[in-house]
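To begin, one chain is listed below as structure tokens, in the form predicted alone.
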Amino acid sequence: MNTSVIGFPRIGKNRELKFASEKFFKGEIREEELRQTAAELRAYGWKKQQEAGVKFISSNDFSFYDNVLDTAVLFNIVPKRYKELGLTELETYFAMARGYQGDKGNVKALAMKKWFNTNYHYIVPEIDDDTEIKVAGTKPYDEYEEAKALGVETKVSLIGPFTLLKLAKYTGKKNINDFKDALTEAYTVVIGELAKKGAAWVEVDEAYLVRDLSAEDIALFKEIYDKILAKKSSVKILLQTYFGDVRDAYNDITSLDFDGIGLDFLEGRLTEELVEKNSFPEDKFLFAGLVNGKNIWKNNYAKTLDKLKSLKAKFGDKVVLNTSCSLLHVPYTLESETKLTEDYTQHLAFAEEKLAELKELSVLSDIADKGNVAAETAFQNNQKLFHGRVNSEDKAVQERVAGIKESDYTRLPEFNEREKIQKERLGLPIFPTTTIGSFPQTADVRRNRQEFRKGLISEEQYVEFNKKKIADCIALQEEIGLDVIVHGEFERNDMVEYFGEHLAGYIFTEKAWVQSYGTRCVKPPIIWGDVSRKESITVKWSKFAKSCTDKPVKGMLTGPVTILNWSFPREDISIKESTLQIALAIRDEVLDLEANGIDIIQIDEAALREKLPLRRSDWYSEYLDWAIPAFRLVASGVRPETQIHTHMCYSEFTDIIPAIDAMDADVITFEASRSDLQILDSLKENNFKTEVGPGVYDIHSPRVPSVEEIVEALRKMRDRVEDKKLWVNPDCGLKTRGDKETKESLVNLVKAAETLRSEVQ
């Protein structure tokens, strides 16, 4: 059976792309060196797939920052403010992603949002009325020919035009209908040029098809592809979907002249039913997404082969075994993990191991090869992993979850009464200023942690270093004039991994890095068993911070939904069950912080939106009905005078504002700077009761916002948020920023808040 991979990781086994890019940003290497690193990473991925016998290997799945941004640049969707900087092509590209502040100008980055239901972030294309859509680059051709020169024939992967149009932001009077024809023509030009260069297949990724679609959406999709497919020439077109099923458009897409259609049989709840009920065209290849591109557990060969057998019985050799989505969302290889024992690793499969699974399943699916001893042995070994397997169980944890009462999800007294009590207790000024939590993790901070882990310094030395950093950080915040202080989180490697290390039921990797955005990589821990708190996690650091200042200090925690969503979850129990286990563990930490005099506790739920079903009809029944109560469970036991904060970032929140209000936090901070404060209108429309801190500047960019810029943002906020409910803060944690830009930005933030106070007094 032929196999296919939608996309392959690109950061490098040891994050080579991250480090090369950051050196380029600092001017430490030339563009040629960065491009050479990129070429080496592409070659590595192509060769690995070729060695695994993958028939359909993607090219143009590589990106220096983001594939959606690549596609926008390819079609000249570059706002004028970036072109006017007069930078090189690659520098302009990075300016769109990161912002630019230098001798050629000062511009903010484009908006950044979560890629559907993942922790990967894409850059939102911005189309204004003057945008001239046309082919303005050669990346798809260049990478196709690059692979071919290495002896690797590839299918060329493109973000599809329908998805691009739906994800774009339109800043003028024109809309999708004004740009669809030009974009459609540009795609036909690219596909035609690829055909001339000998490409046999072009893959168009139309992930937006798994969302709720209107009749207008479907009509737009058909209009676009009627034109593209009519001019496809000799090249074959694969329509690729992932992250769900295409229930709204199944019959429409199968009626079009695609040569292949990729469907997700794992996250697509109705995919199997759609194929069974409506059949599948005999003249098309069915790319069946059955190897999980998002989780790291071994594939259960028996279940996968049963589905393949059923599909092959109906559609024969037209079935291609596919990954469910790009392998971008999993780490490179288990070969880098030297500390996990085989008891654990035998159950896991990262990107390269998934290539081996594709190869073994391909052989096993062919009846003629049933006598293949190696394949049969692989099957038997695989099945041993699933027979009688029980992840680490803790009966006490299970009983505690079973004993949760409905009243445990409710905090008393109600918000309005708590708000009055807290304002009197805390005595904060109007427009109180704070940060989201973390301060820069500079080289000395990382070195201290690494040396402690390696046993090169004692625990006492490690703790004393961190205490010194905390004291200095608090002194800096007092000097700047911030009203609510944080301790800086210098002891934390990651907002999820750090907590996982103090929870029973987790295991950890050494080099299992996954790209979150640009050069930002995360190392998600793995939920192996039932979760409980082994020990107090943050109390000693928060107590020390409180001893350094007379100002209120926030205790900083990560919420249960985010811990779950930014881990690789178990597959043997529901994510609801896992989340409630984590919620009880974090609840214990909240109560410990309160008992130790911490008056403000922030419980970050940055990833709340991430696992929200892509279809609105499934939001409550499959997610919000337990995710929101899980947050309330964490905070419901505190006294009314204890102020509970939460934080969310880089997702679309406007359509779930009532659910966010129902979390019953006292203050919520969220990203707003890159999205031009769009969420504020939704807050006003929904009579949002919670106090809010919309981010006034973008921390994912190195540029320093001016006082005037922040004041302007705050004035817009005041039009939509009551003065007594408005907080002033950056849009996310400051971990990835440098000391100098952090201080300058926060000084300007405080000055802007003072300006506003003078206007209302």
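The numbering used is simple: start at 1 and walk along the sequence shown. The shown structure was predicted, so the numbers you read here are calculated from the model rather than taken from an experiment.
The protein also exists as the form predicted together with a small molecule; that form is not presented, and the subsequent description refers to it.
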query	finding
The small molecule contact in the model of the complex: residue 489, any heavy atom under 4.5 Å	yes
Close approach of residue 645 to the small molecule in the model of the complex, 4.5 Å, heavy atom	no
Contact flag, residue 331 vs the small molecule in the model of the complex, heavy atom cut 4.5 Å	no
The small molecule contact in the model of the complex: residue 732, any heavy atom under 4.5 Å	yes
Answer range among 189 to 197, 228 to 236, 489 to 497, 91 to 99 for contact with the small molecule, defined in the model of the complex as heavy atoms within 4.5 Å	489 to 497
Residue (of 295, 299, 438, 106) lying close to the small molecule in the model of the complex, criterion heavy atoms within 4.5 Å	438
The single option of 352, 604, 666, 610 touching the small molecule in the model of the complex, heavy atom within 4.5 Å	604
